[in-house]
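Shown next as structure tokens: one chain only, the form predicted alone.
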Amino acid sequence: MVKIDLGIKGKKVIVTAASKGIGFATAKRFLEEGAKVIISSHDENNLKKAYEKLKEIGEVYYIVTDLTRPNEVENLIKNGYNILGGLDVLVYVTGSPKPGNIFELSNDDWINAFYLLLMSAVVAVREAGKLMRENGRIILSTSMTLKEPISNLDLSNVVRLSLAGLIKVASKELGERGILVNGIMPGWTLTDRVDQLVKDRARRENRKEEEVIREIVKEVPLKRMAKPEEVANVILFLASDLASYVNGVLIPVDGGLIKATL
């Protein structure tokens, strides 16, 4: 098999929420391509476990970071820059807020979701944009809820939508300096979080988990969920030399689930 040089080797990369799921898979793929990577998570125990696995692949460091605290996000970018000796790529990934509909969720739930999903992204993009040079890449992992709301995930449905505006604004302002800003919209992906949602739904509806999964993916043309690595590969493409004229876009990685044409 011919191996394509993506231009990732030697790149200095920060990946948030990288102890599990899409973030972990993304950090792993960057390391496999020869990048130097900093991973972050609010859970130090899980972060250390991820670090122990990833250090066998390449040069990796970790910084404990709570994305709901703007000062910690600032410190992640600044300290990460210093540790790596520069910053070429920021991959912003975050966990999901609690499930629930608008009538069940409290004011604190909405405020926490704002800090987790939006404010953290604003701070991360701003601080990374200050430090990056030409050919820098910022990639935000959002959700298919930007295109099509999912029942009982109202915090994600509402708050994440603002990230589309952030990507457009930042791609224009940073694009003038040769820094590309893009986003992806993952669909149903086999992460611990999705496993939790499936278990919760199966319990509430008194059904088997296998039945819930089959119902979830029945509208997906590929009839399955994504593996985290499949999402990570799209992120890697956006960070690569192959995507040198891709800026300000949101790419669905959903197996064709989103029905909207635009």
Ligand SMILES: NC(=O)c1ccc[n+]([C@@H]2O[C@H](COP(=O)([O-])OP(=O)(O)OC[C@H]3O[C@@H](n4cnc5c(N)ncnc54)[C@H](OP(=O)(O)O)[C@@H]3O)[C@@H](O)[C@H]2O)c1
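Please read these numbers as outputs of a predicted model, since none were measured by experiment. In this text, residue numbers run from 1 along the sequence as written.
The protein also exists as the form predicted in complex with this ligand; that form is not presented, and the subsequent description refers to it.
Look at 233-241, 26-34, 203-211, 65-73: in the predicted bound form, residues with non-hydrogen atoms within 4.5 angstroms of this ligand sit in 65-73. In summary, among the residues L166, L116, L146, L174, the only one with a non-hydrogen atom within 4.5 Å of this ligand in the predicted bound form is L116.
For the chain shown alone, S96 is a contact residue for this ligand in the predicted bound form, at least one non-hydrogen atom being within 4.5 angstroms. Put simply, E59 is far from this ligand in the predicted bound form: not one heavy atom of it is within 4.5 Å. When contacts are judged by a 4.5 Å heavy atom cut-off, E229 does not count as touching this ligand in the predicted bound form. Among residues of the shown chain, D43 is one whose heavy atoms approach this ligand to within 4.5 Å in the predicted bound form. For the candidate spot formed by K11, G129 and N135, no residue has a non-hydrogen atom within 4.5 angstroms of this ligand in the predicted bound form. Taking a 4.5 Å heavy atom cutoff to this ligand in the predicted bound form, the contacting residues in 7-36 are A17, A18, S19, K20, G21, I22.
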